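Let's start with one chain on its own, the form predicted alone, as structure tokens.
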């Protein structure tokens, strides 16, 4: 479970004059589900492409274990643009030849009624996602990288997609890394949440640790200055204050109603706090 598949050290990567990833370090381990979140342009998709070997770093290093060779890394882009003019059957054949795959499991395709003669560009976004996932799973990957896909899927396809990721973790101890903005469907699934800010990870922690470390106060009056407010937002005449880092003695000291916060709200607070710091810089 704790064996590292990929070690990233001081990664730096940009486009033309813009530095997107700047000094990022992270380790990805077998059998874990890691979720990456962050504001638009934070570098999430760029990082996944670098991990997949699609982009080359400007500096730093990405060290892959013997289990994380290119043919054992499945990458599902949010663009769904692979094999646009091909039929599903032709795409499967090409993928299997390219990766040396002897047999292809079309079970997910049959579940959503995707015929082999259908052209990729005629498929819905959900159907394309299932095709791409099936291709990636055929590689029997040790690492699955999924970029902002889940939020565009209907509930039935999303359940199939998530179920296949869970099976990959359970059966093969694969590591799964997803980029997400919507957390309601996977609130209890991630082992680890990482929030990107300014090309690095500002947060890297298990969900339970994040829930324990952040609470919310709702009220009309300003907060005591001693409380660390990460982010606040107005809701009518009331205001929501997100307290981080939270400590239990704050309940006794301030006598406020510190409420638990769902994972999605925690991520929004971290991202919102990042925007506020950017405005004040």
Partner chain sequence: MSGKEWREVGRQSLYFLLAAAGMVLLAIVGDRLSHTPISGERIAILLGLWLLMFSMFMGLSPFAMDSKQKGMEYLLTLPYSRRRLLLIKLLPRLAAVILFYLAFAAFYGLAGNAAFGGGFTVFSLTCFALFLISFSLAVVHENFIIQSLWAGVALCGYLALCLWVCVLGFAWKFDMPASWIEPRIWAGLSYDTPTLLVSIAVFMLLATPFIVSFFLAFKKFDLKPARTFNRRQFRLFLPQLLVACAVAMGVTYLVQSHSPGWEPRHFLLSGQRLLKADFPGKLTLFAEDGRRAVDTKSKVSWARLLLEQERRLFMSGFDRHDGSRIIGYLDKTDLSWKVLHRIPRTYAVANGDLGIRFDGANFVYLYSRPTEQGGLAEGVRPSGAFSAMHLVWVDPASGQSKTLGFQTPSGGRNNEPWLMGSDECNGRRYWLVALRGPSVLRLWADGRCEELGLSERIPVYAGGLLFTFRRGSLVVIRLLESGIEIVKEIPGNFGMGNPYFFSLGDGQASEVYAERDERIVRIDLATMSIDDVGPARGFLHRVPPGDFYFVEFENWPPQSNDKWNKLYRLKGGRMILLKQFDFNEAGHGYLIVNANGVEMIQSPVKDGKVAKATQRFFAFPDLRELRFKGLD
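The structure presented is a predicted model; accordingly, all values stated were derived computationally and were not measured. Residue numbers count along the first chain shown, from 1.
The same protein also exists as the form predicted together with its partner chain; that form is not shown, yet it is the one meant from here on.
- Of the residues 226, 66, 218, 56, just one reaches its partner chain in the predicted complex with a heavy atom at 4.5 Å or closer; this is 56.
- Contact with its partner chain in the predicted complex, judged by any heavy atom within 4.5 Å, is made by just one of 264, 23, 272, 14: 14.
- Contact with its partner chain in the predicted complex, defined as a heavy atom within 4.5 Å, is made by none of 161, 167 and 182.
- From the list 193-201, 172-180, 69-77, 104-112, the contact stretch for its partner chain in the predicted complex under a 4.5 Å heavy atom rule is 69-77.
- Using a 4.5 Å cutoff between non-hydrogen atoms, residue 82 counts as a contact of its partner chain in the predicted complex.
- Its partner chain is not drawn, but in the predicted complex it has a heavy atom within 4.5 Å of residue 90.
- Though the partner is left out of this view, residue 49 does reach within 4.5 Å of its partner chain in the predicted complex, counting heavy atoms only.
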